[in-house]
Each structure stands twice: as C-alpha cells, then as structure tokens.
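Next up: a single chain in structure tokens, the form predicted alone.
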C-alpha cells in the first residue's frame, strides 16, 4: 500500500538515504546516545544513534559519520526512544474537538498517527462531513489516517440519521486520498447472515485493496465469529471477555484492547494474553473514545501504556501494541511502526520504561513537541455552514413532550382508581458503568393521573430521543436506571451513532429546558436542575465538536461533571455511557428515535410488557 502520510514517498528518496547511511551525504538530523526500544526484536539496545533525512530514517547504529556542519544533533542522554505511537481505532469526534485541536492534545503525549473512523460526523453530515475531517487533518501535524464509515445508520431501519451510506458511496470514498479502509462494521448480523447490501460494502473495500475494521460485540466465538472473519474483517475492538479476545486472535483477527474515558475493557481482556503466554503479534491497545478532560489530565496512548504495564504487561510488548502491531494490522509496517532504515522518522523520547512519560515527539524528522507542548503551529480549518447548522427538530419541545401515557389496560397494585394512579410493570434500560453493554430490567414504576413517571427512589429516570436531522417529529420514549440522579435532567446531541437529541431526567420541566438549551446553541451537552442550567458544553460543529481550544472544552466538561454530581450521579464519564443508550448494535436493549430496540433479536419491543 502506497503511504501518502509521510513527508516524501520512499521511491523519491532512496538514493539520498543510501548516501546518508554511508556518509557520502550528511544527515539532516542525528539522534545520539539513546536506548532504542527495538520493536522488531523486542529488545532494548543501548548507546544507539539514528540518522534522518527527507523525513525518513537512513541509519540506526553509530551515526558519527552521518554528521555534518548543518546536521541537527539531539543528544538523548540515555533516554529511551521508540517509534511514534499509533491508535488503531479512534473516533476523534468523541474528544469533542476537531482534528487539529485533537492533534494539539495528543501529539505531545507521543501519538504520531491515528486510524480514525469519522462515522459520527458522517451520521450527521454524510460524506461531506468525512471530507471536512480529512481536510482538517491535513494541517494537524498528526498522521490522521481515515476509514470510510460503513454503517450509516448503524442498524438500518431502527433509527433516523442525517445521512446514509451504501456500497456506491464506499466505492467513491475508497478512491479518496486519506482513506485507508472501511470503518467498523457494526452490522455484524448482516455480515454473518450474508446480507447483500452489507456484503457489497465489504466487496468494494476488498476490491480497492483496503482493509475492513470490525465491531463484533456478542459473546459468540463459534460459527458467527468465523463467518464474520471469513468475510474479510481484519480487526475488532469490542471484546469484553478474555475468552473473546483469545478466540479472535486464534482466528487471525487483530484484537484491539480498549481503554478510553468510559470503556475500561483492557484490564479484563488482557488476561487472555497474560494468563495464556500466547504469541501476541495480533494485540493492539486503543482508546476508541477519549474525552478532552482525559486527554488533558491523563494523556492518550501513553496513559493506556502505563495502565497496561500496571496490569503486568511487559513494557516492550506494550509499546509493540501501539507501534508495529497496529502498523501491521493496517499493512503499513513497511513504512511505519518501527525505528528502522527507510521507515518514517516518527520517534518519541521518554526516561522511564516502567512509567512512560513523553519528553519529545518527532514526526517525519521534525521535532513537533517537547515537554508536553507543541513546538510547531497547527493550521486551523474554517467551519463551513453545513457542519454548523444541524439542529432540525420537528416539534416545539415543552414539558408535555415528555409525557408517557400508561396503556389503556394495566394492573394496579394498591392504586387509587379514581385518580388513575398506581404502579405499572415497565421495561427499563439499566446501564453498566465503564462498559458498553446494558441490561434489560422489568420494574414497577409509578403512574400518576394516567402517566408513567420517573422513580428516583429506584434510580430510574425518564428518557426521550428526538430526531434532529430532518424535522420528522419522530420520538422514542423510555426509562433508564443506574445514573443515580436524585433530581434534574440532562440533554446531549452526542448520542451514538445517529446523534439525535437525547434527554433524560427526573421531571418534565427540567427535561424541556435541557432540550431547548441545546437547540438554541446548535447542539452539545447540558445539565439542568430546578429550572436552572448548571453546566453547558456547546458543540456547534455537527452537534458533536467544539470550535474552542481543547483546554477550554476540558474545563467545560469538568463543570458538566460537577453538575452531574450535584444531581446525584457519581459514575465515571456518565455522558459517554448515556451517549450509547441509542446505539442499536450493542446488547441488550436500546432507545432510538423510533422506539425501544431489543438488540439480541434486532426487533422493536414494547415499553410495557404483556
């Protein structure tokens, strides 16, 4: 695969690199006296030099003969150097900033490349949204390699999105500069059941000689998993059990271990490797979704590396999981992922192998960050109108918009019939903190004057999803358990993957205020209590991303987190857990703008059973 993400292609500079390696021509940059983390052989080599020209590595070893009067020399002074870190699966939109701001946050932490799946903005703005992300990345000084979104909508027929993607769109996008493969194939039932429409998308990707990235979220490792992999899917980040990870690797699938702001699967699933002592060439560490406050406070892949090492993973292996392994997964290991002659000069420096803290980042031979700060400017993109004007809700939202009438026939338990009150058995979504899955529960909820209400005593909130792209006026209603709200409401347009307007709360008035606050500001997230807005994160770019600096967005997220806590919620990254409630490709039960979806049978289900 031709690499379009380095300063110059290898075929243009082979003569120069050969001359520099022999000393006939002097290097532009030489790194001296480093401890090289050699990911090719899984060893540490002491006292190593690296010579660089034309953005690529010419020599690894003793580079004294490569130094001339114009050569920039960096004395590593015994620091470790490793290949630049690469995230094999990331949704930049989840950081709530654009690619250029995302780069400013992660590059100082050693991230030099990402394989992004911009299906969030694609669900809102279609292919033009994907182009916007690719264009924004060009000035970011980060190798933002993109996959073409595959499942838009995520599960056809169960939600309404701002756009849709089919095989003809995939054929077109595969020809775009910057596209590396197909984004996560979430409609795994369609793959397994040989759906013609979905397999046409796979075919267009394979015909273009690109790779297919996966999303196989069910605990089934027999015929279904085999069918999924046999269809060309190369990697998967949805393992939540160690046995799932192990079986995927045994079948030749790259297993991407997720550790983001909300999803902490890695400590559980890494046991498949640590306990079985298997060859781990198919293992990668990824973030999937990381919030701006996490990036500012903890870091990116460097943070995930530290967490994996604390779990008992050998540090050199951990570094392989974010360098040569993802490069090989995307068939880019001939260009990236190792410090070796001919490869792109993407290099990070750090002092402690057990506690990796990046001190310098080099991309294509240029020092781009030192001691936690960018040392080069990042070009910011203008925001076109089509990514700014995306709130098109088809109805005026009032407190009455959240009324849920009890069915005509329902059993009363100690009810006062004349007031049409009592309790009713209701299907409720229960979240699992730090996990993408949820549980279907059946609880008795209060009925007052013929309407079913939230029940804070049982930790149950009312919830609604409004279509916000085409003014259809469609709305789904339900109940959710597990957030700990005692009072108040929240709303967000970050609601995967259709990103409709999601509202939850303990009372209808606060829910209406939360919803209308976001409609007024172009989308985002907010918390409301007792008729007052406690916190607001405006996300005017597609209702997903801010046009502000990442530090400012991180502070807004901190205030939002404080607001949630004031309302009673104490779970980690609650807004991310809330955002997955409408995602109808994850078990067990979800709520979209069309209603409750049973994600085990992929069918609509009733709010009130029986």
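Since this is a predicted model, take the numbers as computed values, not measurements. Residue numbers count along the first chain shown, from 1.
The following text describes the form predicted in complex with another copy of the chain, which does not appear among the structures shown.
- Residue heavy atoms within 4.5 Å of another copy of the chain in the model of the complex occur in exactly one stretch of 562-570, 540-548, 575-583, 60-68, and that stretch is 60-68.
- Interface membership of residue 223, defined by any non-hydrogen atom within 4.5 Å of another copy of the chain in the model of the complex, is confirmed.
- Proximity of residue 601 to another copy of the chain in the model of the complex falls outside the 4.5 Å heavy atom cutoff.
- Although the partner is absent here, residue 240 lies well away from another copy of the chain in the model of the complex, with no heavy atom inside 4.5 Å.
- Though the partner is left out of this view, residue 207 does reach within 4.5 Å of another copy of the chain in the model of the complex, counting heavy atoms only.
- Shown here without its partner, the chain carries 175, 351 and 380, none of which come within 4.5 Å of another copy of the chain in the model of the complex through any heavy atom.
- Contact with another copy of the chain in the model of the complex, judged by any heavy atom within 4.5 Å, is made by just one of 311, 135, 430, 333: 333.
- 341 is the sole member of 446, 484, 437, 341 with a non-hydrogen atom lying within 4.5 angstroms of another copy of the chain in the model of the complex.
- Counting a residue when any of its non-hydrogen atoms is within 4.5 Å of another copy of the chain in the model of the complex, the hits in 180-196 run 191, 192, 194, 195, 196.
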